[in-house]
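Presented below, as structure tokens, is a lone chain in the form predicted alone.
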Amino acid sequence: MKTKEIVVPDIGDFDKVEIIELLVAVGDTIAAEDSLITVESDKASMEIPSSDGGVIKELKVQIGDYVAEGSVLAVIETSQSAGDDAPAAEAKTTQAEPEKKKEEPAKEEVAKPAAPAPAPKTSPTANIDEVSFTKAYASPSLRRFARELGVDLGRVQGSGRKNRIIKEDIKSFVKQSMQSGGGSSAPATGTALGVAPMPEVDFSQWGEVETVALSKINKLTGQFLHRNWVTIPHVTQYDEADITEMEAFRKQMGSELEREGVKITPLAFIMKAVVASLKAYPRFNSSLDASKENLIQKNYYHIGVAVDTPDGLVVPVIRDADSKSLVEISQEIRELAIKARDKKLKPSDMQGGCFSISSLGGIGGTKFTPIINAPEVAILGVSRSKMQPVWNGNEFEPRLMVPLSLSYDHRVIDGAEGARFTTHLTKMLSDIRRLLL
């Protein structure tokens, strides 16, 4: 029997993730691919599996620790050769340590001259959240630069490779914060919009209360959505699509494919109709660049689907939806939803989206205002369909209508274009034969 160190495999673009759950204990016998820990990033929770089977002899981590690719998780006793994986992991961990130490002196370097400098009463970016600042993806020199300006890197959207923060992102953030009302008139304790913070309230004075901690995904998603809401001028266009024939066809095909274990979902039809509409109106399939002076138009169609999980909202992406069939899209939506709820999503499963769909049809409601998933410029909300009397020119007839809510970035898309998009989308859904053209 030999011992082997189990390390964190490639987890995508994240420098480090937090351990929120230990799934094994010392003495447990595990098989290869059994999950060891659950980690949480700013986008999703995921379980990290073991590369080998054996008996857990030692756990090298605990809840609350941060790990990255190559970090040692446990030592197991196995009859298989340990190979070269453990030394390689040690080398990676050892190399990662000096980088950490290089960054820490920078904090003190800039903290000392802060005393003689004038108090940043007029700066909307003076209050730095150390937790989000530390997690931001930026170089040590840019961290020093951000501290000199009082910028919280956790609030800056990176435009560099793999969303790395570059100098221009920090400059744009400061400029935008000042223009949004964070000038000399903003109170020092207020927000970037010059609004006083909410007062603390002791709710227990009126009755029994309970404090429930938000999950990391809840907190970071909240920050992300809040930033998008206050920095993007949202407009929401409402419409309804007649999906009577579409549903009849879906049910007919469903009964034919049922014996093969295949189920076509309404969302698959909606996604195909969205792709057709994006092709007709390519401005919706774009993003603003870091300067906010140019549009990056995309010639690919990766559609995000909002999935509700116990830990919070995640948005996995269906890639190349234009080249996939209704059956393929339906199966992929189902697989990604299961992975999301089982905490099996990888970071790459949630990256590269062009346009998002948030469907609440299975829950209820008539309409809502979905918040844009930046850097995308539009998002479609789908509510529950219902039979309604519709005038056909001679009489009222029952038709199955689905409410649609399209939110878009008014800096990129004007109201007329928004109405044209939803009109085109409803035509596609009302007569699915149009999708063949």
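Numbers for residues come from their place in the sequence shown, where the first is 1. This one's a predicted model, so the numbers in the text were calculated from it and none came from an experiment.
Only in words, not in the display: the form predicted together with oxidized coenzyme A, which the text now covers.
A.B. asks: I'd like to know whether Ser359 contacts oxidized coenzyme A in the predicted complex, with contact meaning heavy atoms within 4.5 angstroms.
C.D. replies: Although oxidized coenzyme A is absent here, Ser359 would touch it in the predicted complex, with heavy atoms inside 4.5 Å.
A.B. asks: Indicate whether oxidized coenzyme A has at least one heavy atom within 4.5 Å of a heavy atom of Ala74 in the predicted complex.
C.D. replies: Flag for Ala74 set to no.
A.B. asks: Does Val67 reach oxidized coenzyme A in the predicted complex if we count a contact as any heavy atom within 4.5 Å?
C.D. replies: No, Val67 is distant from the partner.
A.B. asks: Can you work out whether Arg384 and oxidized coenzyme A are in contact in the predicted complex, taking contact to mean some heavy atom pair no more than 4.5 Å apart?
C.D. replies: Yes - in the predicted complex, heavy atoms of Arg384 and oxidized coenzyme A come within 4.5 Å of each other.
A.B. asks: On the criterion of a non-hydrogen atom at 4.5 angstroms or closer, are Gly304, Arg319 and His410 all touching oxidized coenzyme A in the predicted complex?
C.D. replies: Zero of three within 4.5 Å in the predicted complex.
A.B. asks: What stretch, of 288-296, 206-214, 361-369, 145-153, brings heavy atoms to within 4.5 Å of oxidized coenzyme A in the predicted complex?
C.D. replies: So the stretch in question is 361-369.
A.B. asks: Which residue among Val402, Ala378, Val39, Leu36 has a heavy atom within 4.5 angstroms of oxidized coenzyme A in the predicted complex?
C.D. replies: By the 4.5 Å criterion, the partner-contacting residue is Val402.
A.B. asks: Note which of Leu267, Ile170, Ala136, Ala276 lies within 4.5 Å of oxidized coenzyme A in the predicted complex, where distance is taken over heavy atoms; exactly one does.
C.D. replies: Answer to the contact question: Leu267.
A.B. asks: Taking heavy atoms and a 4.5 Å limit, what residues of 307-323 are near oxidized coenzyme A in the predicted complex?
C.D. replies: Residues within 4.5 Å: Val307, Asp308, Leu313.
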